[in-house]
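Let's start with one chain on its own, the form predicted on its own, as structure tokens.
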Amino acid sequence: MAVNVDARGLSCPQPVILTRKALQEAGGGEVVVLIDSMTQVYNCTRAAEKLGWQATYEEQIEAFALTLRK
């Protein structure tokens, strides 16, 4: 079951902090993070990869869906 994090509308570093917390709590599996900008995609991806997660993203109408898997 995927963990969902909605970080839309939050300014940095809040999306990264919420993403790291969700990844640490999940320990593995899939985490989907909704964020507003490509900068946040890069920052959250970098944080996830440091913890050993793989990242892909999809651009949606008003957000980006970052999918993290381990």
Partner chain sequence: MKKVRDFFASRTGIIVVGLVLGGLAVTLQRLGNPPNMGVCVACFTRDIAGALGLHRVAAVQYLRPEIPAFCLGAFVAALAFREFRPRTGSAPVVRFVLGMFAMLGALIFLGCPWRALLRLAGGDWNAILGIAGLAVGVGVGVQFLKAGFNLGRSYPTRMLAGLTMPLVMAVLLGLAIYYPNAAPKPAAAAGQATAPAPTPAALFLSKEGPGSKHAPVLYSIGAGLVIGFLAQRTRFCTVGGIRDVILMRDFHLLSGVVAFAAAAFGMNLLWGQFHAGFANQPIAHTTHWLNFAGMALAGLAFTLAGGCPGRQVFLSGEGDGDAAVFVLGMLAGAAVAHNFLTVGNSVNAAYAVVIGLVVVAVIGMLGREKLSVAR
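Numbering follows the first chain given and starts at 1. These numbers come from a predicted model, not from an experiment.
What comes next is about the form predicted together with its partner chain, which does not appear here.
- Put simply, Val5 is close to its partner chain in the model of the complex: some heavy atom of it is within 4.5 Å.
- In the model of the complex, its partner chain sits within 4.5 Å of a heavy atom of Leu18.
- Shown alone here, Glu59 lies within 4.5 Å of its partner chain in the model of the complex, counting heavy atoms only.
- Although the partner is absent here, Gln54 is not a contact residue: none of its heavy atoms lies within 4.5 angstroms of its partner chain in the model of the complex.
- Relative to its partner chain in the model of the complex, residues Gly27, Val31 and Ala65 are all farther than 4.5 Å at every heavy atom.
- Annotation for 20-56: interface residues with its partner chain in the model of the complex are Arg20, Lys21, Asp36, Ser37, Met38, Thr39, Tyr42, Arg46, Ala47, Lys50 [heavy atom within 4.5 Å].
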